[in-house]
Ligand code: ASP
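Taking the form predicted on its own, here's one chain by itself in structure tokens.
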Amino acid sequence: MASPIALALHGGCGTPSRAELSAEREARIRAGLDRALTAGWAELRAGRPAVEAVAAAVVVLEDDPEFNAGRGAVFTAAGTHELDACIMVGTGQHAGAVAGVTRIRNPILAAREVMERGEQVLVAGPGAERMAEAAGLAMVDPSYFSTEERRQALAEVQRLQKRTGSMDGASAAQRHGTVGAVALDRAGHLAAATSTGGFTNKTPGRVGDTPIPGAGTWADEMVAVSMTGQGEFMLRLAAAKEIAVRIAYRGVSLGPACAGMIRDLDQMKCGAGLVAVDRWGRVALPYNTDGMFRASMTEAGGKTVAIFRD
């Protein structure tokens, strides 16, 4: 019997407040989420593997300057971009990731190249770029990723840091964001993909949870998870894998397992969110920030595109 198909994606939990988000920008963001959802859903509807769906959805989000991945990525403290991405399939837990790349247009495709080669899991910096270029992936000048909005966010955060000695007063929208997708295909296979520019004013060389299987990205035969938020906390908790552990070994269902992880992160004063799908096609999209750019589609529940707690 064929499995139900399901897809969920996020564009990060670093959202502006309702008051800060103009109607025009909200419309652009919703349209971007809808395009990504449409791209991923088309793969699933055509009977293709879940990994194709999550890659297609994340490429759309990486190409959209409204999100902190690919074009539109935030700046490091040095005024540069360093991008991370990971993709993972549930059957066999095969995974690939890249970190600290500066010239690969779509880091998620480079992560997939690492996975498909099967020799390593994580390749960083110039080595990842040489591999991507040799594989024929699109390469760009680092300036391609820059937008004026992200440049202004860097200046604001650096002014705050100079004045107060920390970035604690920076808003979630100023500091961070991530994109990701999870999917269940007709064969009952799961996959997850996550991509990010990190957080504004990060130390050059910093790597967060996104490219680390089990921290920001996870897929096995029971569940697929993509996290967003302050990655250091997800690294410390192995957050994405912990959700899978609660489902597999504690008998917790998807919704409570995901909500429990968000509560744990909230107690650590970490703004966070995630999207997840299980082998039965159930979807979860919890977060503890003002909002999370998110969208989902299932055969049973229909389509959702949302930002706030509407």
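Just count from 1 along the sequence shown to find any residue number. Worth saying up front: this structure is predicted, and the values here are computed from it rather than measured.
The following text describes the form predicted together with the ligand, which does not appear among the structures shown.
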{"query": "Interface membership of S146, the ligand in the predicted complex, 4.5 Å heavy atom rule", "finding": "no"}
{"query": "4.5 Å heavy atom contact, F75 and the ligand in the predicted complex", "finding": "no"}
{"query": "The ligand contact in the predicted complex: P213, any heavy atom under 4.5 Å", "finding": "no"}
{"query": "In the predicted complex, G229 touching the ligand (heavy atom, 4.5 Å)", "finding": "yes"}
{"query": "One stretch from 191-199, 90-98, 120-128, 236-244 that, in the predicted complex, holds residues within 4.5 Å of the ligand by heavy atom", "finding": "191-199"}
